[in-house]
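In the form predicted on its own, a lone chain appears below as structure tokens.
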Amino acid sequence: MDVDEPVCLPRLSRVAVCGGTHGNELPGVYLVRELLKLQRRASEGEEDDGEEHTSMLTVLSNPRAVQQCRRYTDTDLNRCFTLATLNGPTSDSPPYEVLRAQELNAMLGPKGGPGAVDLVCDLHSTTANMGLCFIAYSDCDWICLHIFKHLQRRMPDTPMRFIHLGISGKESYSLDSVGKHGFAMEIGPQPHGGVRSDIYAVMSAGVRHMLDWVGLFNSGAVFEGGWVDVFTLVKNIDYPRDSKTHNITAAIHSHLQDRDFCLLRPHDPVFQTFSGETLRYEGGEPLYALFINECSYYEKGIALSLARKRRLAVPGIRAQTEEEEQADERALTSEEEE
């Protein structure tokens, strides 16, 4: 990779900030409400200066679940954005979240189409001690990786990691996958159904710096390449369960609790059974533990996730000039005509 020559990418004309995809993750809900309030105030006193500005869409993703302060009403909205769900036929009485996913796809997409928004930032909070995380499907989306690097520079006191799901675009299932670029911004620890002021402040600062970066990128700034540590998800581990009742028989061991992103080595304690026995990690290689004891994952059968860590080279980037964008459009039109 030639890290000296910046990669030229299309400008980000439309950016979506979404919150409340899970209705009980309240920092994102209240931040979206605050952003909507600021947008209304700005529009009331706005004058057209003749310049092109980035359009920001601020979306409360799952208003029915937000109203009930529940993760979801019928089914997990953040698993409803597969192409099969978005484009498939609906039943006579489809789950509310399936209908809402199709509405959001019409608003922000269509997923995979040229009319989709340029960037989706979906706000989430977790009960696990995760700090601030970017969660993305691609480890070569230079836009998302550079935004992450920018936040690292601007928020040096905040623990920050980049999680790579390693799932293809066809299999991607979450709201952020609707945009041309997208990531979930996940912050914790934060109890569901409440708001911690420190978590809200970190989320607010992260969104502000993300939008600042978009403005710099669109204005023609050149961003130097560098390195990012990426955690690629390998597998999930369920709680030990009773073979007959399927009830869990152990909790996360106190040695592991709240130590998200620690390196879990073979024979390290993982669970403590309710009868007092220590159960140890039986994997063949050391892996990094994350989303440890996330309370929303009990229903999914996930006690923790394991990931590999590697250092990724990220090239420098800049936005295409208008002339370069027009040349790309002409080339695309020519290909379609042929």
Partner chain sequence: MSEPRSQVSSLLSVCDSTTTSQPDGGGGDVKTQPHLNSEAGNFSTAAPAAFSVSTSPPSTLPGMSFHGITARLSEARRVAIFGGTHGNEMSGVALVNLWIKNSDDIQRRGVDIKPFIANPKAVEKCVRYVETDLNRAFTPENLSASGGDEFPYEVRRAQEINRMFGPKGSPDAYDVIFDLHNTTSNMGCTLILESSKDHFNLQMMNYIKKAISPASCLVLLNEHPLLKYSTCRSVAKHAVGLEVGPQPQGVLRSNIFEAMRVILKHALDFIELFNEGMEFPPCTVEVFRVNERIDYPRDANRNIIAMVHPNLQDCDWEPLNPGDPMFQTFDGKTIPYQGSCTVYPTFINEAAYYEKQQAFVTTRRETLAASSIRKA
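Values in this document were obtained by computation on a predicted structure and should not be read as measured data. Positions refer to the first chain, counted from 1.
The protein also exists as the form predicted together with the partner chain; that form is not presented, and the subsequent description refers to it.
Work out which of Lys111, Lys149, His209, His253 lies within 4.5 Å of the partner chain in the predicted complex, going by heavy atoms.
Residue within 4.5 Å of the partner: His253.
Report the residue, out of Val230, Ile199, Leu83, Ala116, that has at least one non-hydrogen atom within 4.5 angstroms of the partner chain in the predicted complex.
Among Val230, Ile199, Leu83, Ala116, a heavy atom within 4.5 Å of the partner chain in the predicted complex occurs only for Ile199.
Using a 4.5 Å heavy atom cut-off, state whether Gly179 contacts the partner chain in the predicted complex.
Answer no; every heavy atom of Gly179 is more than 4.5 Å from the partner chain in the predicted complex.
Does any part of Ile248 reach within 4.5 Å of the partner chain in the predicted complex? Heavy atoms only, please.
Result yes; Ile248 sits at the interface with the partner chain in the predicted complex.
Against the partner chain in the predicted complex, would Gly169 count as a contact residue? Criterion: heavy atoms within 4.5 Å.
Because no heavy atom of Gly169 falls inside 4.5 Å of the partner chain in the predicted complex, the answer is no.
Even though the partner chain is not shown here, does Glu97 get within 4.5 Å of it in the predicted complex, heavy atoms only?
Taking the distances in the predicted complex, the answer for Glu97 is no, it never comes within 4.5 Å of the partner chain.
Looking at 100 to 108, 189 to 197, 171 to 179, 213 to 221, which lies within 4.5 angstroms of the partner chain in the predicted complex, counting heavy atoms?
Contact criterion met by 189 to 197 only.
Taking heavy atoms and a 4.5 Å limit, what residues of 109 to 147 are near the partner chain in the predicted complex?
Read in sequence order, the residues that approach the partner chain (within 4.5 Å, in the predicted complex) are Thr127, Asn129.
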